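There is one chain below, alone, in structure tokens, taken in the form predicted on its own.
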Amino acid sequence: MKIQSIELWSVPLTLRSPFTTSFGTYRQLDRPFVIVRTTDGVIGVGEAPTLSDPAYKAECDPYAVMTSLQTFIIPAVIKRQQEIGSIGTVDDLRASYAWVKGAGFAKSGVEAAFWDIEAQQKQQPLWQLWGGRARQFPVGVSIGGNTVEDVLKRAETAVGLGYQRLKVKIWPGFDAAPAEALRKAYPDILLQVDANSAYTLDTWSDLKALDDLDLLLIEQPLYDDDIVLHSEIATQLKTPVCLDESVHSLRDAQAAMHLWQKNGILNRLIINIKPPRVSGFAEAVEIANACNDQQVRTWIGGMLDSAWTKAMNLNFNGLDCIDLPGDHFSPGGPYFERDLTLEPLSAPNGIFTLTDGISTGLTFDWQTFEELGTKVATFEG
């Protein structure tokens, strides 16, 4: 494809209800968006689903992402096109900024826009480009509350809508109580907990109290950059340990599988694949296939994405190698007061159905995007 221009936008998205994790409560999220226009008139849209601060990961806040996109990544793409004439594939795109260390969220925004363009050019849905198939699958919700009563209220709404998997955010002092309450209320539902790196070597043993609750997994209890210590405490927990923050690449996933296998507990490793955390969908697909080869279960995590990016994640969930319900929906309906697609996403009775719709399968809402957003910069091809 021949790039005519790349635009960088900032779009504030307001959550319909606050979302609480171990590292904070969020209400408004300022999102970088990348708009790629080709010389033949195709427009690609990519979102970098940032949080308000770098509490989840380094470089996941809008300030770092905007800097990386505006100063390094987009100029690298433009420079590469000027050198070789065009950016023909997503591999060409990734090669243009491969020299930039880190900046996964920023890279994922550009790559998502290119996948959107490629899908439009080939008149295919994204799931087909990525080797998946049109299928139905169960989806889950993520519950971020700061009291047991709040968690139970959100769970009741989600279960009433038919969702078949619940994830609740936990931290030291707020772990056994919400998990036990949920398990008592819903003895047969798939239930998992997410610590977002809230525990240390002095506090992680509190999680042993969860081993009798038949949880699907305990997600990222220890440090956000650690794989080794997670593999060690996993030998002392009956519940599978899921890695999230510490998997940034295929190599990280391979290292984790090596350590769990060495400890004889590979069947108790699960990996949460978040495309922006691993720099985009290309790397995410490689991780999913590698894990499947080793019979390691995976699922798709969310970052409070807009409906546009959530639809991309759902297309990724179309791969047969993704076998656990992902974080695609909110227990209270749409995440945001104003979202960015003309059609709402829905999962009747907790089941989502992929279609043959081009790219994401949804129509981007340009009117709302332009009303909410501000164009930060334009780079000519």
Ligand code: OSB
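Predicted, not measured: the structure shown is a model, and the values here were computed from it. So that there is no doubt, residue numbering starts at 1 and follows the sequence shown.
Below, we turn to the form predicted in complex with ligand OSB, even though it does not appear here.
A.B. asks: Can you pick the one in 303, 291, 87, 256 that has a heavy atom within 4.5 Å of ligand OSB in the predicted complex?
C.D. replies: So the residue touching ligand OSB in the predicted complex, by this definition, is 303.
A.B. asks: If you check 164, 231, 196, 96 against ligand OSB in the predicted complex, which one has a heavy atom within 4.5 Å?
C.D. replies: Checked against the cut-off, the match is 196.
A.B. asks: Okay, which stretch from 258-266, 123-131, 165-173, 281-289 lines ligand OSB in the predicted complex, with non-hydrogen atoms inside 4.5 Å?
C.D. replies: Single hit among the candidates: 165-173.
A.B. asks: Is residue 9 close enough to ligand OSB in the predicted complex to count, meaning some heavy atom within 4.5 Å?
C.D. replies: Close contact is absent here: in the predicted complex, residue 9 is far from ligand OSB, nothing within 4.5 Å, heavy atoms only.
A.B. asks: Using a 4.5 angstroms cut-off on non-hydrogen atoms, would residue 352 count as touching ligand OSB in the predicted complex?
C.D. replies: Heavy-atom contact with ligand OSB at 4.5 Å: absent for residue 352.
A.B. asks: Verify the contact flag for residue 111: yes if a non-hydrogen atom of it lies within 4.5 Å of a non-hydrogen atom of ligand OSB in the predicted complex, no if not.
C.D. replies: Residue 111: no, not in contact with ligand OSB in the predicted complex.
A.B. asks: Please tell me whether any heavy atom belonging to residue 219 falls inside 4.5 Å of a heavy atom of ligand OSB, as the geometry stands in the predicted complex.
C.D. replies: Yes, residue 219 lies within 4.5 Å of ligand OSB in the predicted complex.
A.B. asks: Suppose contact means any heavy atom within 4.5 Å; which members of 335-368 contact ligand OSB in the predicted complex?
C.D. replies: Residue within 4.5 Å: 335, and no other.
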